[in-house]
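First comes one chain, alone, set out as structure tokens in the form predicted on its own.
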């Protein structure tokens, strides 16, 4: 269909865009299915601690993960399962962390979203929102001092986290140092239950970019194509030496702050607003309207995502959890927390 109306060069570009869109959609779908599974297991009382879902935020999240490449730094936030998968996190890492398996990246020592593989550029999130921006700054400065240029750091945060002192200090530092940093803000209208009009007086958080010496970008968080374009361009600008970038995407989380929260503070009027659209459904409609796939194939992809999720849960349920009498209380799987150097001799937890 495209070849009848576009030049050969445009056809190739359009085909590549379609392939990227479909890749992103399948990652979004896998993240949604995985999140739904975690919610179900949590309600059954089999997950201890909080469960935080990315429902409604998958388009922005997956765009963040896909825009990066090997050697970059990614600091996801609490709703970034899609971005984690796009950056290369195995499904087993997510499931093992929620179940406290000793075979997971945090070896059963921490739960839910506090997981990562720093050696591979995937950072374990700090609960104090806003703090991860400065962690990425530090890693970028370290690489600069070591003459290891060329990589980009991307930190995800919500509108509420942007009100913290840590976020302000880190944004200011990034602007002064002209770091290759991209901060992706999911403006989901609420900091837990506090609406945005009680968080900041500016019209939009993009307005803050100039004050810090950042380049600001706005995106429609419900539109996968727009997220891929805007986040992708911001990452490329940072990589090209054009300084730190701030991406703010308007959306609405389609769930509570966590599974413990019924979100009764979200009004019916806001739920019917354009930013309440389900980004996954919007992406599906685009795929079908462009005839990039068929309803039957979409259903096969959903079943495949469900199978992968169920297989991971079944595997992890048979794995061991930490033994406090043999535990050495290390956060990561190596003797030193930087994951550098020689592989240590196996301890009690390594056998």
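Positions refer to the first chain, counted from 1. If you're wondering where the values come from, they're calculated on a predicted model, not measured in any experiment.
Another form, the form predicted in complex with a further copy of the same chain, is not on view; read the next lines as being about it.
Residues 188, 273 and 275 all lining a further copy of the same chain in the predicted bound form, heavy atom within 4.5 Å: No, none of 188, 273 and 275 comes within 4.5 Å of a further copy of the same chain in the predicted bound form.
Proximity of residue 103 to a further copy of the same chain in the predicted bound form, heavy atoms at 4.5 Å: Looking in the predicted bound form, residue contacts with a further copy of the same chain do not include residue 103, since no heavy atom lies within 4.5 Å.
Heavy atom of residue 165 within 4.5 Å of a further copy of the same chain in the predicted bound form: Because a heavy atom of residue 165 falls inside 4.5 Å of a further copy of the same chain in the predicted bound form, the answer is yes.
Heavy atom of residue 250 within 4.5 Å of a further copy of the same chain in the predicted bound form: Heavy-atom contact with a further copy of the same chain at 4.5 Å: absent for residue 250.
Proximity of residue 233 to a further copy of the same chain in the predicted bound form, heavy atoms at 4.5 Å: Judged by the heavy-atom cut-off of 4.5 Å, residue 233 is well away from a further copy of the same chain in the predicted bound form.
Residue stretch of 276-284, 85-93, 225-233, 172-180 approaching a further copy of the same chain in the predicted bound form, non-hydrogen atom distance within 4.5 Å: This holds for exactly one stretch, 172-180.
Partner contacts in the predicted bound form for 187-205 (non-hydrogen atom within 4.5 angstroms of a further copy of the same chain): Result: 197, 198, 199, 200, 201, 202.
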